[in-house]
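Below you'll find only one chain, the form predicted alone, shown as structure tokens.
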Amino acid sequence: MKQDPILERAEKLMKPGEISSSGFLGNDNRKLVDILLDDGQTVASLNLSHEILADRMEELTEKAREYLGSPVLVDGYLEVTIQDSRGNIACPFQHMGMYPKENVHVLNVKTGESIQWTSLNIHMIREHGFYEGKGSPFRVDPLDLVRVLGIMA
């Protein structure tokens, strides 16, 4: 699909070394617009929304912040830990504001599966429907997110 100039600019900022050393696209060769459409279709097929997923991620992140780096058990099966890397990072979509460099790790103690995300991931999912490109070290695959967190429509 043809990509508008706003997404072209964002895609350029997502390349390694522009905003982050690893970038946001990984080894995904698709245009940004196609990445957004594919992940959007995946989320819609689950009868969920980007906002529902981002809200749950934010809820777990806030719980982890309360425990200052120590693991906290949420809902009896999600062990959540946050690590602050100090500093902030900008949104590649050029949204105003900076997002704290913190990594949230969630372990589903029932299944042994885990997933991680950053504060910027939450913002990009909620505001842009962007989960990062395949192969990106910080990609949050929507199917993995739903499965690990036990989210149901």
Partner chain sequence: MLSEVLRTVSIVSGISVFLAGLLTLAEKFLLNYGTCRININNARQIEVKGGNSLLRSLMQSDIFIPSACGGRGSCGLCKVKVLEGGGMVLPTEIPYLTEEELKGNIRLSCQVKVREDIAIEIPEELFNIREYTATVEKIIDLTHDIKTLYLKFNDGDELSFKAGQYVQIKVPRYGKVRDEVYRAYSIASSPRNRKEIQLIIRRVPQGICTTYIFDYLKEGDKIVLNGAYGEFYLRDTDREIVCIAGGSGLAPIKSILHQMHEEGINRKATFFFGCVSKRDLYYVDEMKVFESLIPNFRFIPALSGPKEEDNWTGETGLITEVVDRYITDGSNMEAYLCGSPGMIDACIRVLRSKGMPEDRIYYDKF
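Residue numbers count along the first chain shown, from 1. Since the model is a prediction, treat every value here as computed from it, not as a measurement.
Although not depicted, the form predicted in complex with the partner chain is the subject of the following passage.
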Go through 119-127, 86-94, 28-36, 45-53 and give me the stretch that gets within 4.5 Å of the partner chain in the predicted complex, heavy atoms only. 86-94
Look up in the predicted complex whether residue 112 has a non-hydrogen atom within 4.5 angstroms of the partner chain, and give yes or no. no
Although the partner chain is absent from this view, report whether residue 105 comes within 4.5 Å of it in the predicted complex, heavy atoms only. no
4.5 Å heavy atom contact, residue 144 to the partner chain in the predicted complex: no
Report yes if any heavy atom of residue 70 sits within 4.5 Å of a heavy atom of the partner chain in the predicted complex; otherwise report no. yes
In sequence order, which positions of 7-33 have a non-hydrogen atom within 4.5 Å of the partner chain in the predicted complex? 16, 17, 18, 19, 20, 21, 22
